Each structure stands twice: as C-alpha cells, then as structure tokens.
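Only one chain is included here, represented as structure tokens and corresponding to the form predicted alone.
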Amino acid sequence: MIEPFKFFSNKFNITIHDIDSLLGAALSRGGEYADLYFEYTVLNSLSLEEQIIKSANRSVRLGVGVRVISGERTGYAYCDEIETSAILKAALTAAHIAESRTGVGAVNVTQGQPAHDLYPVTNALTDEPLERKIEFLNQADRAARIFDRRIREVQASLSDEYKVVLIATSEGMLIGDVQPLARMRVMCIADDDGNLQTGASGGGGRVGVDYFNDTLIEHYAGEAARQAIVQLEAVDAPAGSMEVVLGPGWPGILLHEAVGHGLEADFNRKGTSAFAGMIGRRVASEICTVVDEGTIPNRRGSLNIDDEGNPTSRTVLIEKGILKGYLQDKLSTRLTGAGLTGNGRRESYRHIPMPRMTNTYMLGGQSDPGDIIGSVKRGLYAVQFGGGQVDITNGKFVFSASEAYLIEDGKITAPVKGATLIGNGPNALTKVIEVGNDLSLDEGIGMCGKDGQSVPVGVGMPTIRISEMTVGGTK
C-alpha cells in the first residue's frame, strides 16, 4: 500500500520543510488558518455500445489547492503541477485574497495516520489489463441480451480512479490517504414493435477488481434488462394525491436530495435552508431516524479522512423525528463553534471544500415490507428513480420514478410510466406512517452535485409508507 507522504516526497521531491514554508507563506498576509491539498489521481473509463468498444480513456490529474481562512473570508488558489515554486505562487495568491490583520506564527507539521482503514484494496481495478476490463463489458452485453429477445441494445461502461491525497494544515496536521473507486453501469433498450423502453443498473464502491465477479456482472445486466422489459407493459401513471410506498435502497436518493442537502452546515449558517434554526424541533415523524455515515467499509461515499484531513464519522441528523444537527466542515465549525463531523469534501484540488454528504440513509423500523404493501388500498409503489430537482430554501422537490407500480387493494399490480413525486422534504417526512425492517443501501452508483462540484456518495432506506404525496402522471 502506498504511503502518501512518501509518494509525494519521492515522486515530486516535496519535503516536510517545504510544506512548513508553504503554509507559512499562505499565512503571510495575516490569515488565521491555512491548508494544502495535494492530489495525484489516475482515471480510467471504458464504454461498450453496439457490441463494440466505443471509447477508452486514461488520464492523470495532479495539482495542489491552497486555502487561507480569515474570519468569514476565504482565499483559494491552485496550481496544476506539484512543484514548490508553483505552489508558492498559489499560496501567496490565497494569502492576499484572505488578507487580515491577525495572524499565526511559524508552522510545524507532524505526520499522522487516518483513524480508519475502510478500503484495504490490494488489486485495484486501475491496474487491471485492458483486455480483462473489455471482457467484463462483453460479459454484461451477453447476459443482457440472453435475458429477453426484445433487448435491442446494450450500453455498458466501466470507470475507475486511484487517488492519492496529502493534506497539511497550519494547525500542524499532515495526513494522507489512498482512495480507490470503481463503478460499472449497464443500460438496456427494449423494443417491442416500436415501443422502446430503457432500464439501467450498476454498482461498485471503494473496491478492487475481485469485486466484479461473474455473478455480480450478470446481476447488473439482468437487472437492467428486467427494468426495460417491465416498462414495455407499463400503463400511464395516475395523477393526484395518494399514498406512496418507497422501496428499499436507491429510493434513498429522494431522502438525499429533499432532506440531506438542507442539513449541510453552510446552507444553515447562511439561513438559506428550510432547516435553518430548527435544531431540537420536530421535522419528521417519530419513527424516522436519518444518519450520515462515512465509515462504512468499501462504500462509495466512505472515506478514511474527509478532504480537509479530518476523520469521517457517523452523524445522527434526525433522531425519532427531531433534528439533531448538521453536516459540518472546517469553516462552518470555526464560525459557529459546532463540532467537526468529517464532512468537508471537494471534487479535486481545483475546488474549495464544503459540507457534503457521504452515505446518507434512514434507519430500519419494525414493519414487515409485505404488510406495508398490504395496508395500502390505492397508491403508488416506487422502487427506482431517475432525475430530480430540489429547492433547499423550502425543501420542495420533484422526482421522476423510473420504475413504479400501482398498489390496488393491498397488492402490487400494473407497472406505470411517467410517474413523478412532488412534495416538500420536511413535510413529506412528517407523513411517514410506517418504516420497514429491510434497510438497504444502494449498489454504489451515486454522484452528488453541489455548486458545480461532483463527489461520490451513497444512499439508502428501508421500505417506507407515506400517507399522502402528490403524484404527477398522465391520467
């Protein structure tokens, strides 16, 4: 396993003395806090379409981001090379942006180790021969086409990255991490006399090549094909207010978007979230507990340290319906006095860190999922979601269900198409009247966007029953 400081020291001739000097330069205009974020990432992507390889890419991303904080002012600059003179220019630029009359003395960093070891990958997908990666995609293509003769087209992709980071702070911390990440995705198009429908599946995480075994690849392909075939028989979704049951796993994306973003500390510190000033107040029904946990082994959203060098943690956001706290980064904790939660994240060295989710999910409850379905006279059962939009200032959301069914007299009946769920995050959680005992996390496909930055995340939930929600449909 690569030791991050030795990696950067040997490859780029960076020393402890250099890091101390660069942090000193960053604080030279009176800043109160500074940090350096070194990154070296190898990225690969491969895609198959029409049974041929359509693209194969490999790239390296490297550079250093420098941040200086002075009160509420933040200076940030970066360089696209790892060389002391370039980093010094970035440090002085950030120092001038955050200029202050107060300041910190000399900096002396001490090397430390992450508190976690969540993804001890030995055989990274990044190092796998191209021929074997191509065979993974061909295997998915074959499995999907065998599923049903109506599968007309298969698109499969495989992506991976191997990231080495080193973070140094003016508080004396020097810590690094090696962060593998891999994901496979399969999309199928079904054709029944001109009726074209799609289905998609996939997954991954901070895993090695052995994770993608024959059984898993065939599962992804079969699930994508199944979804596409189901949609061939779908009827138009009804419209109006009705009971809604959300299935376990990926439907947690609704929780992530409609509630999770509103619980990030920067929005609440600025008063722009619907949850601002609500700590200690009821924001969900008493059977709802929501957590963000960055310490689940091998999960896509997990990290040994966040992108500010702090250990990730398990943060209870909502407990039995009561709002308990927000997701914090360094800046928010400095300004509000709240404790760190290990949720400072960034897309790359070119981006400033901010509070972001890791793996966000609702805890399981007591109800049997079959009994939940059986208790619904008329409603919608949503098990897969596509795109969605949310306004964090009021919690209003609109999500499209890519796989959903009617519930009639306690039974799942016809699949529907064109269904959207419309509501308000805090209000929707107050209407949760049953929570299943089948908590499941998604299979490892999530990406989260915020202020132009994308980071990998995880979501999850058990089956839940919402007493009333607006369903947008076509009839």
Partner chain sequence: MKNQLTAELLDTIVKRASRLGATGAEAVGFETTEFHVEVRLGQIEKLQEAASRGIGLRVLHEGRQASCSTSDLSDEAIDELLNNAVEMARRTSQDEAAMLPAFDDYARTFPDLGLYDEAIALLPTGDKVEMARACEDAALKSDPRIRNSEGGACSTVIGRQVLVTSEGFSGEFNTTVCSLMSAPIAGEGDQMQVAGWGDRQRSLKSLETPETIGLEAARRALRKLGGRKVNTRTVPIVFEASAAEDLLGDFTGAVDGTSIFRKASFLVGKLGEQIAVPELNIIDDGTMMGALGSRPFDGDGCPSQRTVIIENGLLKNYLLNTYTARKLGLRPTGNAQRGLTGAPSVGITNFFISPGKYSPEEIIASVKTGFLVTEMIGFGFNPVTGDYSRGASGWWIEDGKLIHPVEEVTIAGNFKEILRGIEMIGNDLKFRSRIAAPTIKIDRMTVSGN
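Here the structure is a predicted model, which means the values were calculated and not measured. Numbering follows the first chain given and starts at 1.
The protein also exists as the form predicted in complex with its partner chain; that form is not presented, and the subsequent description refers to it.
Colleague: Wondering, does G370 line up within 4.5 Å of its partner chain in the predicted bound form on heavy atoms?
Modeller: So G370 does not count as contacting its partner chain.
Colleague: Might A143 be said to contact its partner chain in the predicted bound form, defining contact as any heavy atom within 4.5 Å?
Modeller: No, A143 is distant from the partner.
Colleague: Would you classify S159 as touching its partner chain in the predicted bound form, given a 4.5 Å non-hydrogen atom cut-off?
Modeller: S159: no, not in contact with its partner chain in the predicted bound form.
Colleague: Would V435 sit within 4.5 Å of its partner chain in the predicted bound form, counting heavy atoms only?
Modeller: V435: no, not in contact with its partner chain in the predicted bound form.
Colleague: Using heavy atoms only and a 4.5 Å cut-off, determine which of D214, D210, D117, E81 is in contact with its partner chain in the predicted bound form.
Modeller: Result of the distance check: E81.
Colleague: Though its partner chain is not shown, can you say which of I279, L88, V398, V291 has a heavy atom within 4.5 Å of it in the predicted bound form?
Modeller: Contact residue from the list: V398.
Colleague: Heavy atoms within 4.5 Å of its partner chain in the predicted bound form: which stretch in 26-34, 406-414, 436-444, 422-430 meets that?
Modeller: The contacting stretch here is 422-430.
Colleague: Looking in the predicted bound form, is its partner chain within 4.5 Å of a heavy atom from each of I2, V109 and D127?
Modeller: No: no residue has a heavy atom within 4.5 Å of the partner.
Colleague: Give, in sequence order, every residue of 269-307 that has a heavy atom within 4.5 Å of its partner chain in the predicted bound form, or say none if there are no such residues.
Modeller: Heavy-atom contacts within 4.5 Å come from K270, G271, T272, S273, A274.
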